[in-house]
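The data below hold one chain only, encoded as structure tokens and taken in the form predicted alone.
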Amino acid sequence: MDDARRSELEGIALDIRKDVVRMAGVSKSSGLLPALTVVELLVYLYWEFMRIFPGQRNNPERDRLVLSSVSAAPALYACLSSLGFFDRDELWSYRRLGGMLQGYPDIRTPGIDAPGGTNGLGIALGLALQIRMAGLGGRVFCVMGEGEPCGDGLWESIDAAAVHAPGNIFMIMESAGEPGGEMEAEAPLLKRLASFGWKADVADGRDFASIERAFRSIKTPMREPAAIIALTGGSRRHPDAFESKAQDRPPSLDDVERALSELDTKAGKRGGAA
């Protein structure tokens, strides 16, 4: 990935993150940190890796995404809006009674292919098998939040994916680890996935170059299911206004304005460093 493309993706991610902050302010929603940590992953998937057709939402050859981490739904909605699946004004009705964008993704929303929820990998596996039996070329991507590897039923789905060998399923697992030495800490999970017949790698989930390297390490066409452990912990790219205390209460208008200003400042510092 050249510097120009990386800078472009970082600009898209900044816009998505700011829309997530605005959605939190308008909807008076708390606990949106999961939506802020997953932004780079979703931007890379939708703008670089997945085959999508905003003007043909039911194209049978499209790739599908299952959001197991439903708390990250605002980031997914902001991405779909930016890509033209629906009007951006819909974002301001997030979690509003009668609005199109609810707390849990719904298949009636343009661009949403499956409902989310704990162990979304089971849903993703079902989609992957359906696509395979229909002889289609679409792939299925499942984005999972921190801690889900311990969830009930997940390893059963991981085993079933390997047994049925759908070469069209990707699992992206968020981890609270910090890039660097923490990448080595993921070795046991990588080995366990490999023991189940999965191709797996680890990436800095906040860095587009690292994300791209991990995806490229997984050869296509695939003969086994694939997983990427994305480290999204440490110094995340979200504003201080949405740290621990802001998790427990809806953000005020002052919080939103301060958060937007912080995001612009942090983006400017990164640009200057580059």
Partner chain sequence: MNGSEGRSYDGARDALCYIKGQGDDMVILELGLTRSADEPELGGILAGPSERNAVLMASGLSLGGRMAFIWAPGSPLFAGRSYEQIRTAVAIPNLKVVILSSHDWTALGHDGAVGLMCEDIALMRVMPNMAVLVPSDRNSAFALTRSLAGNDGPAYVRLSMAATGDIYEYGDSDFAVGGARLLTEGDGVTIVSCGVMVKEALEAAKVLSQQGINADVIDCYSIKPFPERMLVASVRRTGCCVVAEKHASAAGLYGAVTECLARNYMVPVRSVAIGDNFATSGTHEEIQEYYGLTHREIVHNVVQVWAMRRR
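Not measured: the values here are computed from a predicted model. Positions refer to the first chain, counted from 1.
Heads up, the form predicted together with the partner chain isn't pictured, but that's what we're talking about next.
Heavy atoms within 4.5 Å of the partner chain in the model of the complex are found in exactly one of 91-99, 191-199, 127-135, 76-84, that being 127-135. Using a 4.5 Å cut-off to the partner chain in the model of the complex, not one of Asn168, Asp204 and Arg213 places a heavy atom inside that distance. When the partner chain is considered in the model of the complex, only one residue from Gly145, Gly122, Gly177, Gly111 comes within 4.5 Å through any heavy atom, namely Gly122. At a distance threshold of 4.5 angstroms between non-hydrogen atoms, Ala162 is out of contact with the partner chain in the model of the complex. At the 4.5 Å threshold, heavy atoms of Ser71 stay clear of the partner chain in the model of the complex, well away from it.
The closest heavy atom approach of Ala187 to the partner chain in the model of the complex falls outside 4.5 Å. Remark: Gly103 does not count among the residues lining the partner chain in the model of the complex, judged by a heavy atom distance of 4.5 Å or less. Contact annotation for 12-45: no residue has a non-hydrogen atom within 4.5 angstroms of the partner chain in the model of the complex.
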